[in-house]
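Below you will find one chain, with nothing else, as structure tokens; this is the form predicted on its own, and questions on how it binds or moves follow later.
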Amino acid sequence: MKARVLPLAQAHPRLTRLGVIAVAFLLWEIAGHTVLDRDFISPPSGILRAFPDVLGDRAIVWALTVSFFELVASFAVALVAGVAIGLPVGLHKFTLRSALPLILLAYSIPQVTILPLFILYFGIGPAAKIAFGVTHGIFPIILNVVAGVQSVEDAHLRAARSMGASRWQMFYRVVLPHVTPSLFAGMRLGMSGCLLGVLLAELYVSSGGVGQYTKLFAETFNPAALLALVFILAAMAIALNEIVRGAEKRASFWRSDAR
């Protein structure tokens, strides 16, 4: 029996994932009606009933829309800045030795501790949320780009140089293909970081927004609406992740594992 189940799971990984999710939700539903306190956590059936109320509130829908555009804006800025910083740092030994320790030092600082500085500089509007999201998303992109550049073997560069390739051709034909997988890995991590930064900024410095609603639902013991909001945010993150994955497939068409 086990010998049959294992090949079936390997042949249909999507069905396996759906099965695991279904079992997890079933156990959650059973626990929600037996051992869990509904003042703190709601079963999936309660979350489903809360979706119409959450999505029917125009203020919440507007907050979700604003948060989505803040997430996209912070991710775009983090991506452009991360690539612009990561490539020079990784391409030259001098910048690698001098700048990378400073980047790691800045990355090690707990970002929430400098949130008051963002309030001071940008106020409590969307600019502060976007900037704070950038600080969470830019470092994974920089570090992955640097790692991708450093993965280029000298033998490949020497071979391209011996065949008369210009600097631009070496970058486009040799360096960029090596950087692409690491870049997209950094983009996925950076997108999650941007979402975290935006929500944290909304939670602490905003009188509205999704972060403020999560705080409101938690303080009023409304776990069904809170978890419904969390699932909506998760759906937004999954949608953006799928867009990045599709772009990765197009950019990494030569890789058999990216098809």
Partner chain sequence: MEGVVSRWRVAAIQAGAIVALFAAWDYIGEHKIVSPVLLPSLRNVALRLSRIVETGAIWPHFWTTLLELLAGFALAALAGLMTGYCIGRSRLGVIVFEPLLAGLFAVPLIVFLPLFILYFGIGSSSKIAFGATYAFFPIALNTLSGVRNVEQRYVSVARSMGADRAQMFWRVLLPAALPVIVTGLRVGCIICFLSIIGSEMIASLMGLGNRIATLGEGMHTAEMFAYILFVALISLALNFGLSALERRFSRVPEAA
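Positions refer to the first chain, counted from 1. Rigid core here is just the name for the largest C-alpha set that superposes within 1.5 Å across the two forms. The model shown is predicted, which means the values in this text are computed figures rather than measured ones.
Beyond the structure shown, there is the form predicted in complex with its partner chain, which is absent from this document and is the topic of what follows.
Visitor: From the candidate stretches 117-125, 137-145, 175-183, 83-91, select the single one in contact with its partner chain in the predicted complex, where contact means a heavy atom within 4.5 Å.
Guide: Every other range fails; the passing one is 117-125.
Visitor: At 4.5 Å by heavy atoms, is each residue in V66, A131 and V149 next to its partner chain in the predicted complex?
Guide: Checking in the predicted complex: none of V66, A131 and V149 is within 4.5 Å of its partner chain.
Visitor: Is there any non-hydrogen atom of L227 lying within 4.5 Å of its partner chain in the predicted complex?
Guide: L227 belongs to the contact set for its partner chain.
Visitor: Within 4.5 Å, heavy atoms only: does A247 come near its partner chain in the predicted complex?
Guide: Contact with its partner chain, no.
Visitor: Is there a non-hydrogen atom of T113 within 4.5 angstroms of a non-hydrogen atom of its partner chain in the predicted complex?
Guide: Result yes; T113 sits at the interface with its partner chain in the predicted complex.
Visitor: Does its partner chain get within 4.5 angstroms of any non-hydrogen atom of I60 in the predicted complex?
Guide: Looking in the predicted complex, residue contacts with its partner chain do not include I60, since no heavy atom lies within 4.5 Å.
Visitor: So which bits of 16-34 sit within 4.5 Å of its partner chain in the predicted complex, heavy atoms only?
Guide: T16, R17, V20, I21, in sequence order.
Visitor: So, does F40 move by 2 Å or more at the CA between this form and the one not shown, with the core held fixed?
Guide: Yes, F40 moves 2 Å or more.
Visitor: So that I can tell if F221 moves, could you say whether its C-alpha shifts by at least 2 Å between this form and the one not shown after the core superposition?
Guide: Passes the 2 Å threshold, so yes.
Visitor: Comparing between this form and the one not shown on the rigid core: C-alpha of W28 shifted by 2 Å or more?
Guide: Comparing forms between this form and the one not shown, the W28 CA shifts at least 2 Å.
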